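Next up: just one chain, as structure tokens, the form predicted alone.
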Amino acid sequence: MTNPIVVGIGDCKISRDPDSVLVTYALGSCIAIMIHDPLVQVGGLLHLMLPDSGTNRDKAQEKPFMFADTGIPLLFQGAYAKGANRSRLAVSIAGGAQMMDEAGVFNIGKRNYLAVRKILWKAGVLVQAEDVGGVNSRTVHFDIASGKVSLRGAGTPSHELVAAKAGADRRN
């Protein structure tokens, strides 16, 4: 029996319960980052909304998981506190769609994606799998026991997020 744990917008959950599945809904221009240590079965899911906390420092103090630059370090610190080891972490990302901005004026999804990749790159963290871009929202299910991430887009069947082969582009 699985224990679903819902991760809201601008929130983060970390679990060491192998019966848990972290779930986030309606991932549009937001980005979900999933990290998993298979040895100790620790997993975390961050659902961030915006790339940079500098746009609203007060909000960042109140809701640090809302922003890439404040939420990502807290995601990793929380996983380490539950026994995860950096060298074993598998990292996946999803989201970053272009929602309600057909002209590409704000490009929030793209800006979120670039901010996440830059922060992870600077930290020396490699992303094993991603499903980003496009124009549709996604729902993410992240199984703590196996580390499997499944995605379902609006009007599309569920599929598993798997690591891309070298040189492959997983963005749609």
Partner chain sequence: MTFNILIVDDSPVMRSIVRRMLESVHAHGFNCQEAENGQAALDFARSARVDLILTDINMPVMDGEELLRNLETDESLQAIPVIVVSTDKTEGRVQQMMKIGARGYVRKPFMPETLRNEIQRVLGVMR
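Everything quoted here is computed from the prediction, not taken from an experiment. Residue numbers count along the first chain shown, from 1.
The discussion below concerns the form predicted in complex with its partner chain, not included here.
query = Looking at its partner chain in the predicted bound form, is some heavy atom of each of Y113, G124 and E130 within 4.5 Å of it?
reply = Yes: each residue has a heavy atom within 4.5 Å of the partner.
query = Closest heavy atom of L89 to its partner chain in the predicted bound form, within 4.5 Å or not?
reply = Contact with its partner chain, yes.
inquiry  = When the contact criterion is heavy atoms within 4.5 Å, does R117 count as touching its partner chain in the predicted bound form?
reply    = Contact with its partner chain, yes.
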